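First comes one chain, alone, set out as structure tokens in the form predicted alone.
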Amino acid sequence: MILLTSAGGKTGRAMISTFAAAGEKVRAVMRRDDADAELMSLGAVEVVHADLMDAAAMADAAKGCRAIYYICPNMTEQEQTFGENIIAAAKAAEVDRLVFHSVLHTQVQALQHHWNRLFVEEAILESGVPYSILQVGSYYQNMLPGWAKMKETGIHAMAYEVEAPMSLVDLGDVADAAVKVLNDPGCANGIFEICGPIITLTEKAEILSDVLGQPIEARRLPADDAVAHAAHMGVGEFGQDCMRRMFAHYDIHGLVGSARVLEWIIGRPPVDFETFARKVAG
């Protein structure tokens, strides 16, 4: 049995489907209780309702599990407390592996939510629990909520400079890598960058124009507009501040890593943006 946290988000759902397809039994953990049937339909064999702030509940959820796949909610002030509770649960359950779904470049202080995860990574390294850490890039799938609007307006907009280099990655590739890392003893106690080939917003727009058969323009969305939308969707002050810092950093540096690590893990080149776009358009 694998304990998978934050199961209700897009990452958790992708992991459930991929783990289940690989024959793994998944105990899905989420705080809400409005998606049990959907998670079970994706392949989870159990759904547990627990809060990552509740150390006892997490320890109870981990009982009988051979591994924990730990996904933390994004941009949270409770990052370190959540991590401590998961590590304690992993120790109590004596799991064979704790896999932390982290983020690319936790070393960058300017990216507050990335930096916070560095301390969780440190705690995992010092815990004595066999671990694997996946430092994951931004997903291609993050653009899907705006896909229809992009086709309607002819504008593909993100809240950073159109020439900023980004090592985006297909969520399906991330899930495939997660299964392989979890079940490969040689990946124990390793840290792996999980990202795809570098691409800019301008290059994405050119590909989208060709795929959709209509002109698509790359445009920088004002960061304030993106943050205001996030606030409207319920993101708190801490998350809003993280977003402002993130977009300012992306403007200058982008977010890039090496796609070779992912290729080595999954045994094939990562999905490129054109392949992703053609699949969505189809």
Ligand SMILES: NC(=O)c1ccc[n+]([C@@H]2O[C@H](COP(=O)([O-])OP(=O)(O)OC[C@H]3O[C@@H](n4cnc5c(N)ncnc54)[C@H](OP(=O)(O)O)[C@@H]3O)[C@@H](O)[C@H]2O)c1
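Residues carry their position along the shown sequence, with the first being 1. Bear in mind that the values here come from a model prediction, so they are computed numbers and not experimental data.
Same protein, other form: the form predicted together with the named molecule, not shown, and the subject of what follows.
The stretch that touches the named molecule in the predicted bound form, counting heavy atoms within 4.5 Å, is 51-59, out of 215-223, 241-249, 51-59, 228-236. Interface membership of residue 269, defined by any non-hydrogen atom within 4.5 Å of the named molecule in the predicted bound form, is ruled out. Although the partner is absent here, residue 103 sits close enough that one of its heavy atoms falls within 4.5 Å of the named molecule in the predicted bound form. The named molecule in the predicted bound form comes within 4.5 Å of a heavy atom belonging to residue 136. Using a 4.5 Å cutoff between non-hydrogen atoms, residue 26 does not count as a contact of the named molecule in the predicted bound form. The single contact residue among 183, 74, 81, 107, judged by any heavy atom lying within 4.5 Å of the named molecule in the predicted bound form, is 74. The candidate spot formed by 8, 32 and 142 is fully in contact with the named molecule in the predicted bound form: every one of the three has a heavy atom within 4.5 Å. Heavy atoms closer than or equal to 4.5 Å to the named molecule in the predicted bound form belong, across 109-124, to one residue only: 117.
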